[in-house]
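The chain below stands alone, shown as structure tokens; this is the form predicted alone.
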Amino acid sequence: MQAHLIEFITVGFGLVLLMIEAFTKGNKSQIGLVAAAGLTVILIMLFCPAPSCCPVPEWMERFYSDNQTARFYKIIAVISTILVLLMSVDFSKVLTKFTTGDDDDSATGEFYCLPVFACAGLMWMASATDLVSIFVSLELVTITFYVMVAFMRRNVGSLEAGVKYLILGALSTGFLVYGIAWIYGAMGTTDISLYAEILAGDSYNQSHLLFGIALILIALGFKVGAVPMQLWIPDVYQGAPTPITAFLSVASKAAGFLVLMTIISPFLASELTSNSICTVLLIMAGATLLYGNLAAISQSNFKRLLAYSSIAHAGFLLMGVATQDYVSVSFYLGSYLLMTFAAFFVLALIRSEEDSDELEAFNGLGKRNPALALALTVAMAALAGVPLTAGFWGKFFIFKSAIENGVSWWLLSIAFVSVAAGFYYYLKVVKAMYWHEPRDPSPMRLPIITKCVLVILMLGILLFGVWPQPILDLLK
């Protein structure tokens, strides 16, 4: 089977799910389980490389590439979508409450179909090699997120988040289109594979090119949550349904960084443009680290804490992009998937049971459900970068690359201080679970789906913390 057919199969599967949703009554959350099962089959297909007798068609070669890096990011997209769907099933009580206002879940069916279309867009982004195909796939993802962020229409916070995401998303799209136009005007093509050859000559306008790249950096800064386009993240993360917040934090960020690396790679490799772009990326990284970590310290809402944490992690990833160590960036994103989803699964359960995202809702969790508290402790330790967790290796590889490439001392100092700040605000959650008395002393029930997923994620965090080689092997 040709590699590009996987995306078409995913879209077709999404359409089938919509038909099932339209003609079935009863428990709509079952559609989420069907969607997760179907995506599991697609995930297995991704681990089976296309045979040499079925190459990508010639008419698609300019717009689509099937390589190991693309497959790795497709795996991240599919696994993220499966986890979002499973989380949504256990989160269905909250979804129903803020969509229909009663126990009738008839209006929640589309919520389990939309992530599949977003997944298809994320997969196309992973293989896109032309500015046009990147833009089209990016908009498919963005449009589905517009709907999912504001899906809980009876929740004022969700509607507010949807409006903010729509307005700022449209603004970033404008920057992206304008940047693509300037790059096309300077280079004469939107085919990224030709840029290295064009840069080796002198048939382009350098000032127009740099202006176009600057516009694209601003636009993609919105997607990855980097300064100066990071202001939307805390409010949108807090207001959106918890599964969608996790989706934005992991899959959307990973796809954004892959697109960023795809677009700027030829410019970082050229002596004429590398210094300017690298300087801008390092300044963005430093500002992002400072903003994310300093703002996270004072947070009392767990969702907002994870939002500012997401900004801080974007700063570390930008350091890896600036040093062109794309393997370290990809490893970081792979490990980030495990620890972030573990935290959000616990948060989704607390949100359903306690009707709160505040840190106070986690008080005494170690007494109410020791297994749940242990899972969140492992996730927080990994996010902080504690040794013997996957998060440690992500930060280690980034720092190693930065030091070897002679990154300025001021940025390394900011990064080290950021790590120390992360220990404070992540372990603040652990303190609440074990040192504070619970508001409700009754034991907390742990649904079977959440229990199984948390066990797998926790084992993955610890396994890759001791033996990171499997993720590196996927990247080749």
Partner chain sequence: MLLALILIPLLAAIGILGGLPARLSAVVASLANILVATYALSCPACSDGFSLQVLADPNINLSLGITGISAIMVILSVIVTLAAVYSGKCPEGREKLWYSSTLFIAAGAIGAFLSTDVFFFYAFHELALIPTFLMIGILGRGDRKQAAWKITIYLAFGSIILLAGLLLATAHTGSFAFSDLKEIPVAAQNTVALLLIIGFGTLVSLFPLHSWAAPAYASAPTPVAMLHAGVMKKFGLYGLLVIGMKVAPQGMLHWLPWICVLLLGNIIWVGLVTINQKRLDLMLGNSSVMHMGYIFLAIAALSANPDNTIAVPAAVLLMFAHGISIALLFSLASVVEQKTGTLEIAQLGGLAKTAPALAFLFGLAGMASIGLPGLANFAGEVMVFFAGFADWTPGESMGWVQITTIIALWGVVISAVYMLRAYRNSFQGPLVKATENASDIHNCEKIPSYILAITLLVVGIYPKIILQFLSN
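Keep in mind the model is a prediction, meaning the values are calculated, not measured. Residue numbers count along the first chain shown, from 1.
From this point on, the text means the form predicted together with the partner chain, which you will not see here.
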{"query": "4.5 Å heavy atom contact, K431 and the partner chain in the predicted complex", "finding": "yes"}
{"query": "Heavy atom of K400 within 4.5 Å of the partner chain in the predicted complex", "finding": "yes"}
{"query": "Non-hydrogen atom contact V419 with the partner chain in the predicted complex at 4.5 angstroms", "finding": "yes"}
{"query": "Interface membership of F396, the partner chain in the predicted complex, 4.5 Å heavy atom rule", "finding": "yes"}
{"query": "Options 384-392, 352-360, 284-292, 155-163; stretch whose heavy atom lies within 4.5 Å of the partner chain in the predicted complex", "finding": "384-392"}
{"query": "Neighbours of the partner chain in the predicted complex among 440-476 [non-hydrogen atom within 4.5 angstroms]", "finding": "V466, W467, P468, Q469, L472"}
